[in-house]
Every structure is written in C-alpha cells, then in structure tokens.
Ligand code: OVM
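Okay, here we've got a single chain as structure tokens, the form predicted on its own, with questions on binding and movement later.
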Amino acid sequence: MGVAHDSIADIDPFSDEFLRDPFPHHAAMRDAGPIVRLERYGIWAVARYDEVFRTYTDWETFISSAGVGITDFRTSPPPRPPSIILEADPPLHTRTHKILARALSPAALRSFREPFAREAEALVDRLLERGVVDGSRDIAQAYPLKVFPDAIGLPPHGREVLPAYGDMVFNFFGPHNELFTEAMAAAPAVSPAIMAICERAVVSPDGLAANVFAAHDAGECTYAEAGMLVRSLLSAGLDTTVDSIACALVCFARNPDQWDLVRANPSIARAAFDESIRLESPVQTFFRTAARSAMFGDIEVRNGEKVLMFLASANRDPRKWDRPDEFDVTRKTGAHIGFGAGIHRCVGEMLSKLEGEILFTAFARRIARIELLDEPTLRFNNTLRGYSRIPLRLHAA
C-alpha cells in the first residue's frame, strides 16, 4: 500500500498554505508515485497527467454519482439534490449532457460573438479612461458577469447573488473547513434567489435557458430537471470563467514578452487564453469514487474509496509537457485537462474560450502593456484558483 514518505501523506490540499502555493506540493506528489495516500482525509490522490486522465475518462470505474467532492453521497446524502450533469453517470448524464450540448451549439455560440465583442470594446473604453484598475473586480468579474447571464437570458435584477452562488458550489466539494462554512452560510439567502432568477417565467425567450426549457417541452426532461440544468450552466460557466480571465491577466502582466506576441498577432488570443488555463488551472481538483477495484502500479484502490484528481498538477507534469512551468502563448495546449476529459469534459468549454478570445482580442488591439502594480491577492476556494484583487495599470496602445 506504499506511500513514498510521510510528508506526502500529511499534505492537506485544502489548507491555506497549500492553496497559496500548490505547485511544489504537486511536484512532490508526482515524484512520489502514480498514486499517493493523503492520510489526513483517508483518500487517494493522483497528480500525474496519465493517471489523472485515466481517472477522469474511466467513468465506469471512477464514478461521479457518489459526488465529485470529498463526501460520498451513498453514505452521506447531500443537503441539496445532486447535479444531474456534474454528479451523474450514464445513462442520466448522457441524457442531460445532450440537452446542454444542443443549447450550446456552434450556431448559438456564433450568435454571441457580436454582443460579446460589443461589450468587450465598451469595457476597454472604460478601463482606458481610468488607467489604474482592479483586474479582478473591473475585468475578470465585470465582463463574464455581464455577457454570460445575458447569454443565458437571466433577468437584469438579482444577478448580484451570482458570485456567492459560485463560491458555495465549489467550496462544497471540499471538507467542512472554514471555507466551506463561510460559503454555505450564504445558502439561506442565495439559494432561493438563484432559483427565482432561473425560473422560466423570468428568463428571456431567446437565451440559453429558453433552449434548455424547450427540452422539457419536447419531453426530454422534467421541468425540475430543466431548472437544474439552467443552474448547472451558471455554476459551471461563471466562476470558472471569472477565475480563468483573472489568471490570464496575471500571466500577461508577469510575462510582457508573451503579451507582445499576442499584440503582434491578435488571432492567437484564444490560444494564449488556453495556455493560461493550462498553466494556472482555475479548476484545481475534482474527486471521483471507485466503483470497483483498480490498480495503480502495485497499489490497489478499493471499491468505495475516494480519489482526488489534481488537474492543476497534471497540467504541469513534465512527463507530459516541455517547460511545464513556463507561460508560452505559442504552445500547443489541446491536451490539457483544465476543462476535464472524457464524458465529463466541460460542456461550456467553447463558451468560456469564446469569452476569453473576444476579451483579449479587444485588449490586444488597444492595450500595449498590462502592468502589475503590486502582488495580486489570491482568493481561496476548496476547488478553484483565482484572485480577489489584481492591481493593474493599463497602457493604451
């Protein structure tokens, strides 16, 4: 049952110390072996690319329906209904994924290009008037919190609860620590508010939510399931994109030579955004539960045991990537698993990439330099990596 050494077994991936700088711990876990035991929580962890990819894609062995957090839903039922997309296995997942994939069709994405670009240009106008901005609040939050709820078709009122909702969703996947407790304290106010703005009666008739409710009309899901899928769009597509944009801003500010490459060729803005997702991995971890025995080398993972997948570690595994800790906007990033893999690869991936592409294309045409004025402040979360403050000066081209 070997673990390489006690320092690995004692790692707490949900501690402030780990979340502040996870990358040395990732390297230690990768070097320790294909799978390690984290005794503090009695769980297994995979940190190498091949093992993370295997765990993600072998959905029959490593199931999601027992929860993608540390809690096993089969022994500790959750306080809310499980997600019918994120916390589901086939055949339920197959049915619900099909509904979301159709709503997020290439045609739907094309229809968003013009309004997304218009908002990006207006945002750049406002930012350049000010010069000094908070990249977290004024860019990473401001842009997705406008274009994404608009795309879903949410009413303009009530959106102020969206950040707290995302914080609840992703802190829920960790242990009952301080982050979990603080986030869930907002649930009595946030949960009904989210339910209210996702009701069919208040969403626009031409947004993504309406497309999901159309599946109910066609008999493909119940009305309750349609509402859950609309809320799944929010939980999966907002905070993750906010944090992705924040991480990209920090990457560009710390690597001005790479920003110069994007400015010289704005057509690579999408690839550059994707490279920042590989490097920083806004979604750091997810759990799976073994539904049957599985071997990792000479170590057996038994039925019912939890396995923590370190997506961020896989995305910097030197067994997979050349110069894994460097930000290179010319890198081929198609194999990274920042959006997951297999049947659980994020259904909103293309929408998130569209937001990043359009925003940073607008930046590349009009902003010569993204200057970091002080160290950014990390925002701790049990699952996500992002920033609560990024002090920037934007230099006009």
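Residue positions are given as counts along the sequence shown, with the first one as 1. What you see is a predicted model; the values in this text were computed from it and never measured.
Not on display, but discussed next: the form predicted together with the named molecule.
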property: Segment that reaches the named molecule in the model of the complex - one of 274 to 282, 138 to 146, 85 to 93, 213 to 221, heavy atoms within 4.5 Å; result: 85 to 93
property: is_contact(Phe296, the named molecule) in the model of the complex, heavy atom dist at most 4.5 Å; result: no
property: The named molecule contact at Arg130 in the model of the complex, heavy atom, 4.5 Å; result: no
property: Distance check, Leu162 to the named molecule in the model of the complex, heavy atom within 4.5 Å; result: no
property: 4.5 Å heavy atom contact, Ala236 to the named molecule in the model of the complex; result: yes
property: Candidate from Leu308, Cys198, Val169, Cys247 lying within 4.5 Å of the named molecule in the model of the complex - any heavy atom; result: Val169
property: Heavy atom within 4.5 Å of the named molecule in the model of the complex - the one residue of Phe112, Phe327, Trp321, Phe286 that qualifies; result: Phe286
